[in-house]
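In the structure tokens that follow, a single protein chain appears in two forms: structure 1, then structure 2.
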Structure 1
């Protein structure tokens, strides 16, 4: 009898332990995810001086805008874009030998951003916008569409009449949005499913990583502003997303099974306790 009780208790402990393991892993994964916002930025002398009372008034809003940005959330600070030494006020700003590059020229901005967003820079340079920017200076640069200091997570709503009609007809922009729409929507739905699964305690790291990679790869495509290229590569992305969808569906099944199994164990434990109690009461 006693060995059975021990067995049940051990099984229960294992069930709860494996659950804790899962949770640990999600939390670790969650905290490390770039978009969650692990406020790591050390505010160096750039921010100190640029928020000081005697700073030029038209510059004073810049640090506030930056603090609302996805860059702040990911530890990208003033000097990561502008150069300069964030630890030494004497050589931080306006002194080229500290690597300070200051405000970039209109056509130099893709290089500034492209230090980190390499794939996007390449895609942008190869397309109509990048070429027009280089040759005539008339193409948009990164900041035209994303802004510079209050940059937020991107999505296809950036393609809108106000934004895209400044230089040419919206019709040309709209076919691009249509070409992106279905794939973006599927990616969005899968992201929602993963969040739901994660909240329910399932292990989704692998799928999350795969989806993140696929999404990032897909979103560089826009910057080529080549509708045919987007259409041609849609099949390839559809196939990848089909595979992910299958994987996610099987996690849903697994989760349902684990829930039912835990319920079963709990019930088993409760009835065993009752039996033991009754047996012990007997003379």
Structure 2
């Protein structure tokens, strides 16, 4: 009878441990990952044509540049920007009814990018860069800073002496970068914390959405290149990030408690098993 009791307790102890492991794996692999997966990128005839032997040399590198970009990572394909039909070579580009845009005029690039980046386009147009572009037809547009096809995730390092001095002195840009620095750093630290919590099996969807909204709003703001506007609204973003930091700290505390409690239960079951075993051995 005592042997059966020990066996049951041992099984419960192992089941508790297995359940914890299974729960972590289940949350990590299913609960916190989208069921449908990421949007697939369809290359189609655009890539076939741009990698053909008779293609212009300066066009041959475009597919590889695109495949290194954040657009590719997020399922944005050639026709999403340039129009045309990627499944039909006859109307993929160059025909009036295909909707093909091709390479837009220099002044039209913000409108092209603004089809998706609406808030950023409006902020850009209201700022010094956008006004200069509209007035003269020259000056910086989206690709001046971000590039055209090998577009990477935006970061504060885009504001640098080499880039900015193509058009003007770096001094004003440097002031803008200083105004952005602390907020951008806090956002980056919060992104790292969320990744760490997700890898540990914690649920962070709400915090991810809040941080994404805050970051998008902040980056929309600084495309106006208005230093005073950025400084005046810094307190607003500081408050939002304070709230996010509090929420993330709470998740860390909850995760630590669950780990400690699981360890306590494991120790408790193990102790009970030892006590019963010792009592069984007594005459």
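A quick note: this is a predicted structure, and the numbers were derived from the prediction, not measured. Between two forms, the rigid core is the largest collection of C-alphas that superpose within 1.5 Å. Residue numbers count along the first chain shown, from 1.
Chemist: So which is the form predicted alone here, 1 or 2?
Modeler: Of the two, structure 2 is the form predicted alone.
Chemist: Has the Cα of residue 105 moved 2 Å or more between the two structures, judged after a core fit?
Modeler: Stays below the 2 Å threshold, so no.
Chemist: Using the core for the fit, does the CA position of residue 147 change by 2 Å or more between the two structures?
Modeler: Shift at residue 147: below 2 Å after core fit.
Chemist: Please state whether residue 206 has a C-alpha shift of 2 Å or more between the two structures, with the rigid core used for the fit.
Modeler: After core superposition, the C-alpha of residue 206 moves less than 2 Å between the two structures.
Chemist: Using the rigid core as the frame, report the C-alpha movement of residue 270 between the two structures, one decimal, in Å.
Modeler: The shift comes out to 3.5 Å.
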